[in-house]
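First, one chain by itself in structure tokens, the form predicted on its own.
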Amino acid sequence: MALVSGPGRGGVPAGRDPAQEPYLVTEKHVNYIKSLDTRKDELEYWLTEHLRLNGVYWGLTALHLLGQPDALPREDIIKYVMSCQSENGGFGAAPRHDAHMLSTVSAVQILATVDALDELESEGHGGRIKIGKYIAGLQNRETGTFAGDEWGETDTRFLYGAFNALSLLNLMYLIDVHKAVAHVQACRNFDGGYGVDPEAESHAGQAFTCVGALAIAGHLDLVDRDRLGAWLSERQLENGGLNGRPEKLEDVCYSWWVLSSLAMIDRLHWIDGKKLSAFILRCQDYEGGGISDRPGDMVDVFHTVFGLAGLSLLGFPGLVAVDPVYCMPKHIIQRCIQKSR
């Protein structure tokens, strides 16, 4: 799945009545995503190889939310994911890339989405447990933090990713959940938001990772819901879009990071959903499909999936329900939970 941007741009097409109710161009989004891996002659295709496996997750999830789960060949997806696995159990962003937490999480999410986690036992390097041990090996048992890879950078993104993948694999017992939860608590700020590390600035993306981790651990009781909900609701701008922190521009991707966090703490009604839906729809390329960060910019698969996920959380007609904790279809998460029992 290519991370190539464009060629289309988000925005209401010329000649269209601005007063006309915006709508979702479902079929064009499906065709846009399916076309992404045909653009291998473009330089940007190769410059974004370090995000390739993440891109497969974004595109596949978008297609599932659009109600088109079979738009990409299942066997080809599985084969590509398995080609990215390293001997240590983790997954790289592409074949022959070093393993990293983020690409490993995407690999697990992809395999869970296409109901292929069992393939790990026959096709993978050591099965589920090898992946679980790779992830667990990235935890600092003294601080509870997780590194992204062997080089040691820590971030609450990696902590959330570990919780996400291990819970889907039913291997949470491999890590020190208590220490990790304590670290998340240390990242909470006076405004109710969360930073990348203790005393770091609050950011909507980190709110999602921290609240998501607490949700998986069963500790949403530790969240100051009203204070965090107020801070998140203040991310909405006059044009209906959401930003990630004060004084920043609106961006479609925050339709996911902010909304999912609000959904997890039962404060989704604290923003104007109608205005946000209209903003996301204005960011579509009505001719070629795809969604951009804001009107006038080029579309890409990253903003496409998170725009669709935001619309799904808002109950937009025609979209499959998304799970606010995992950013995967709800019915797939339910299936994974049932299988793990």
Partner chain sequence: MPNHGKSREAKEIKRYRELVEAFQAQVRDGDFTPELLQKTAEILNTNPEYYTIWNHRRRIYVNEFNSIQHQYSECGLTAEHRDGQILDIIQLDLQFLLPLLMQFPKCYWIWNHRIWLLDQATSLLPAAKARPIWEEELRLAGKMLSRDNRNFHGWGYRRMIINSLESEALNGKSMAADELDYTKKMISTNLSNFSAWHNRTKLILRILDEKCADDDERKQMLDEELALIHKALCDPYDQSLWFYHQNLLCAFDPDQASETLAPRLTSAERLEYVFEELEFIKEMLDDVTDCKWIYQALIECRLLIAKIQHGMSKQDQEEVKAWLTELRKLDKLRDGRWVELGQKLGI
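Positions refer to the first chain, counted from 1. The structure presented is a predicted model; accordingly, all values stated were derived computationally and were not measured.
Although it is not shown, the form predicted together with its partner chain is what the next lines describe.
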Which of 215-223, 174-182, 150-158, 117-125 lines the interface with its partner chain in the model of the complex (heavy atom within 4.5 Å)
150-158
Using 4.5 Å between non-hydrogen atoms, is Gly144 touching its partner chain in the model of the complex?
no
Looking in the model of the complex, any heavy atom of Ala71 within 4.5 Å of its partner chain?
no
Please check if Trp46 has a heavy atom lying within 4.5 Å of any heavy atom of its partner chain in the model of the complex.
yes
Would you check, heavy atoms only and a 4.5 Å threshold, whether Lys275 touches its partner chain in the model of the complex?
yes
If we check its partner chain in the model of the complex, which of the residues in 81-107 reach within 4.5 angstroms of it by a non-hydrogen atom?
Gly92, Ala93, Arg96, His97, Asp98, His100, Ser103
